[in-house]
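Shown next as structure tokens: one chain only, the form predicted alone.
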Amino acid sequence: MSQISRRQFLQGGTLFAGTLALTACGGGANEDATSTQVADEAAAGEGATADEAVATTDYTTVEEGKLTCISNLFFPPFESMNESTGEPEGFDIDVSKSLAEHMGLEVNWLPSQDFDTLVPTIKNGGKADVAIAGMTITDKRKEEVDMSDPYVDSNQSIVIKSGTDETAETLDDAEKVIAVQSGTTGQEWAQENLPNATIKPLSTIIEAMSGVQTGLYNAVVCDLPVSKYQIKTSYTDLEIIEEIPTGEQYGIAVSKDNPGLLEAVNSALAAMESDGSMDAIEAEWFGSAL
């Protein structure tokens, strides 16, 4: 389907231009911290126009001075665990660090959890401020949580073991097992478009890829940026047999009870686009700006 690009979306709306300085302050009951988003003093100084200034917005964070993030940390290159340091790394991890810096906060990552628990966790509140997880913006998710402006474009893909001669048509068979990550749009696509196959939801995309590699599953349906990265770096004996133009866009999940935080996140994303921070992160993980 045809959709505007992430840059067109961010630059063509009513987002504020220029770099932003965002600082946190205040306290609050029940360990919540009230933070205030303020414009750069230069933009607020003499001669500043209305478009150059950012309105003050109140929002809460789970822990004072920190942006607490959750994800499934087994979705490289967007998020994974560094075996040497035991710390999370990846495209989304670097996005979260830049996001927090632009908001005047420190980033705080919680332990990995299953992807299909992320939206309920943000909806229920009290544990994390945002979910940054290669998460596609969908109407279903937006019923439960707010989603930020998009920051990555994505499609789906079908991956098989090289040399097995599978096609989308041969995979749509009761004897074929298609691995997916539970709760993802890849699972939804497989269930809708391969109705005769057995769909096997798994906790991580690594399990799915490894299962196809060993012959346990016939194929995996997953996000195209992930499958390309995995095949290039780890699963060289797998191949993509179909790139599916689903026209998806990733967003950051925020509680509907915290609209000020959503506004602050969107303003920070716009600033990252404006000052080149997002381009630098894209180049680091994908070789060039997307």
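One-based numbering along the sequence shown. The model shown is predicted, which means the values in this text are computed figures rather than measured ones.
Just so you know, the form predicted in complex with ligand ARG exists too; it's not on screen, but the next bit is about it.
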item: Touches ligand ARG in the model of the complex: K200 (any heavy atom, 4.5 Å); value: no
item: Touches ligand ARG in the model of the complex: P150 (any heavy atom, 4.5 Å); value: no
item: Y250 within 4.5 Å of ligand ARG in the model of the complex, heavy atoms; value: yes
item: Interface membership of F115, ligand ARG in the model of the complex, 4.5 Å heavy atom rule; value: yes
item: Contact residue in the model of the complex, chosen from A133, L194, M209, A100 - any heavy atom within 4.5 Å of ligand ARG; value: A133
item: Stretch in contact, per heavy atom within 4.5 angstroms of ligand ARG in the model of the complex, of 69 to 77, 120 to 128, 211 to 219, 161 to 169; value: 69 to 77
item: Non-hydrogen atom within 4.5 Å of ligand ARG in the model of the complex for each of R141, Q181 and T185; value: yes
